[in-house]
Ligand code: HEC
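Let's start with one chain on its own, the form predicted on its own, as structure tokens.
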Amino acid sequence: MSTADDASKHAPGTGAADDRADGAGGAIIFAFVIGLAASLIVGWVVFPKLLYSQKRQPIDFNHALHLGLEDQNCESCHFFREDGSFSGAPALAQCIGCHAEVQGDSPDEIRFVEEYVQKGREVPWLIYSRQPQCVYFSHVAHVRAGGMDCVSCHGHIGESERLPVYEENRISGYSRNLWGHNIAGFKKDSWDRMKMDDCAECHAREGVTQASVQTTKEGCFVCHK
């Protein structure tokens, strides 16, 4: 080993300075990782919980019970009108035929009859899929023309015994179900998230072109007012 190398190796303070530099670099990287993790937790976990308020429907509707009755199916309550528009949440008139009087001893059934049926008041349902005013969605185009089933967008709601909690965006006032709970973009089922790119992806996969959905409106204005 040369004299110069030997002198450099034993120069006072050189090794300590390198150790301090390495330590500082490690601390910076550690702080960056911790900051990134904290930001992700706040952005993806904490913030959504603060952004949405939770509400319960005025009446807890049992889909499974109703579909288990004779001559009852989804179209008994949700159907297409003569003009092609879709009937979402059923009106009181559709319920009175079976619920003119209390059926069973369910607290929700009793409240429904006493507070709404007997008083002729419509139930103020919270609509999970209420669209912004600038958006137009055609059920008949997707269900009748496209052959889609309800599960593709709404999941297995027909098998549920209780209605899900309504989560309302504190800023926009719209339901979290409108676009889905997974804001990260990952989804397991088709109904987990419904955003513009999901629509575009499905249209491309099914070969739906602008010409095939052409109306009196053009391009983007087929779905957006």
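Residue numbers here begin at 1 and follow the sequence given. It should be emphasised that the depicted structure is a prediction, and the values quoted were computed from it without experimental measurement.
Absent from the display: the form predicted together with this ligand. The rest refers to it.
At a distance threshold of 4.5 angstroms between non-hydrogen atoms, F61 is in contact with this ligand in the model of the complex.
G180 falls outside the set of residues with a heavy atom inside 4.5 Å of this ligand in the model of the complex. Mapping the unseen interface onto this chain, E114 falls outside it, with no heavy atom inside 4.5 Å of this ligand in the model of the complex. With a 4.5 Å cutoff on heavy atoms, C74 counts as touching this ligand in the model of the complex. Every residue of the trio F137, S152 and I157 has some heavy atom no more than 4.5 Å from this ligand in the model of the complex.
Screening A38, A200, V165, V46 for any heavy atom within 4.5 Å of this ligand in the model of the complex leaves a single hit, A200. In the model of the complex, this ligand lies within 4.5 angstroms of at least one heavy atom of each of the following residues of 83-112: F86, G88, A89, P90, Q94, C95, C98, H99, Q103, G104, D105, S106, D108, E109, F112, in sequence order.
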